[in-house]
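Single chain ahead, written as structure tokens, the form predicted on its own.
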């Protein structure tokens, strides 16, 4: 069975997280991703946050599965010539350098396009065109400038960033979609194009419901599903809403049995309107079904804190998994707060390939994430990340270099 992107060859100039997320996803779908790294150093994450001396860090290995690595000095005339030859025969070049870095290397869009009019050049940048386009951006900065931090946390506390890497990995996922779309368009036009994914744009796209709420707030001055609603304390910008769901079905995180010693003994509980009667039955409040203060979603909105407090008295008598089991019998939406330890030990995630155990020649076996997108006719096999320069000879041979020519390139320091 073939791979969805089999035959697509990608030059991967990315590093750290945003770009490697993109190219790893494309590699999982079958693209031949050639990671181009500096000799002797490579991707900076190879030695960041190491847990095993002299072995590539988990930071690197978990973002570079299924790729091949070559070392190349693009500042060396011979190295630059190698890259030009590769550009002529590849489909996509992906980079997440600082703004202007690729141009300073001598590989402007115009030069690349002259070498290969079918080449797609895809970039992650912090900002799109505008006053901040030359600024560097990292994960937490992206969350702040994209609207996530100002709307995360509790109203009486400071802005908060989330543990999910929505700035880096989120933007990488956006870029992957842009690349695949450009490849599809090329089948009709025969031409490559530039693809840009700005981290601010990617975070904002994931925060679109908050932009929705900003416009609602400007018109109505209050938002009834927010915890601030009972007191009407709204300013001129979308506030932080704690654990409110952000949608039409109010939800909150509630304590479960053992919360005093287990920081993750909690469950997310949603008071979905169609199952309100079942909720009242489960928590021992059958009188709420018909009571005018609770019978309708609108009547419940100013009383949500009281309702969640009452539900919590019930959830605190059971473990989070017991609560989930009971609620699922009644189709009441909920979800236990799973720790990373619990997720890592979840065998069902191993069976679906969402978590994969991989063997590495230097660090041994480790866990990594698998492809989150499952295709029925293009299954993903997760392979270990490459050692630095592991595939230099093989790749250059595929581009027409003889063993003698490769040795000469090594001799002058081009590879």
Ligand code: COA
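Everything numeric in this text was worked out from a predicted model, so none of it was measured. Positions refer to the first chain, counted from 1.
Unshown form predicted in complex with the ligand; subsequent notes refer to it.
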Kindly check, after superposition on the C-alphas around the site, whether the ligand taken in the predicted bound form would be blocked here (3 or more of its atoms within 2.4 Å of a backbone or C-beta atom) or open?
open
3, 25 and 180 each touching the ligand in the predicted bound form (heavy atom, 4.5 Å):
no
Give a yes/no on whether residue 279 approaches the ligand to within 4.5 Å in the predicted bound form, heavy atoms considered.
no
The ligand contact in the predicted bound form: residue 137, any heavy atom under 4.5 Å
yes
Exercise: residue 56 in contact with the ligand in the predicted bound form, heavy atom 4.5 Å
no
Would residue 126 show up as a contact with the ligand in the predicted bound form if we use heavy atoms at 4.5 Å?
yes
Considering non-hydrogen atoms and a 4.5 Å limit, which listed residue (75, 303, 291, 216) is close to the ligand in the predicted bound form?
75
Only one of 376-384, 362-370, 344-352, 32-40 has heavy atoms within 4.5 Å of the ligand in the predicted bound form; I'd like to know which.
32-40
Across 309-334, the residues having a non-hydrogen atom within 4.5 Å of the ligand in the predicted bound form turn out to be none
